[in-house]
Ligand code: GLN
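Next comes just one chain, in structure tokens: the form predicted alone.
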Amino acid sequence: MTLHEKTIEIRRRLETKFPADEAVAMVRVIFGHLLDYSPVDIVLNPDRNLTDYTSSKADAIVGRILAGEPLQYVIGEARFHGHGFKVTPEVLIPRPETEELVDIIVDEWSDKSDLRVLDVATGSGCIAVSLARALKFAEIDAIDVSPTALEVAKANAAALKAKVNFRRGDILALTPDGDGKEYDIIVSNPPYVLDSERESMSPTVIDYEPAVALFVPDADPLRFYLPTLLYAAASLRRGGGLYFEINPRTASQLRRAVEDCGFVDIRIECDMARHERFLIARKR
């Protein structure tokens, strides 16, 4: 079977469950993974004969996707900020919104060098590694409570030749006077999805992605923001930047907490879908 024939077959199978444009994108990712082909390579090599092994591997991937497993977990990789990041069920799949957060930080600090950065709840390390690659001579620290997540993050840093100081650390154990370190930037994309939002979420997310990295009780929506906020109030240098990815439903509540901690130039920005997704502030 040729590559062209196989891509048509797989696309039609995927279209039984996914929109046509999403099915096409998945086909590109699948053969990018199996053949190390770019989307252009797929178009330019329609007559390539596939081995039975490659064809069966493609069928197995499609079977798992149709059963509900996220494509990124199936192939073990997600694209983020122009690079491939290893992902496993121990870490969240990086989202485009988080790429936007990285872009905001890079846009605001790219003219500076030798910055000190802390990424709280690093997960796959996508934020920390991307900032290490994009900022000039930055010293990046990154913490996460999960040892397995840290192993994934370390593998990503090694694969992308990014220098990041990873260590195990619990957000809830951050203390304002804890370690005496000072940072120019503190960024966090912590768990922020309310338990009551589970019902409206895709089963693909609920069944496969780590709940501990997603959800917070409705009665305590800022559980993971407040310790980071208090730590940032003590540990950011003057003029330092605080960057949160946020839940639109709790944006106003979080903004008040940031104001109460004495931060200035507070702003909430929308993502590409026009949802309030990022809170940015400066230390006075």
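Don't overthink the numbering: it's just position in the shown sequence, from 1. None of these values were measured; they are calculated from a predicted model.
The form predicted together with this ligand exists for this protein as well; it is not shown, and the discussion that follows is about that form.
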Answer key, this ligand contact in the predicted bound form at 4.5 Å (heavy atoms) among 74, 162, 152, 92: the residue is 92
If we test each of 214, 145, 134, 104 for a heavy atom within 4.5 Å of this ligand in the predicted bound form, the one that passes is 214
In the predicted bound form, does residue 158 have a heavy atom within 4.5 Å of this ligand?
no
Review point. Counting only non-hydrogen atoms and a 4.5 angstroms cut-off, does residue 190 reach this ligand in the predicted bound form?
Key: yes
- prompt: Are any of the heavy atoms in residue 100 no more than 4.5 Å from a heavy atom of this ligand in the predicted bound form?
  reply: no
Only one of 164-172, 108-116, 192-200, 83-91 sits within 4.5 Å of this ligand in the predicted bound form by heavy atom distance, namely 192-200
Applying a 4.5 angstroms cut-off on non-hydrogen atoms, the residues of 234-260 near this ligand in the predicted bound form are 245
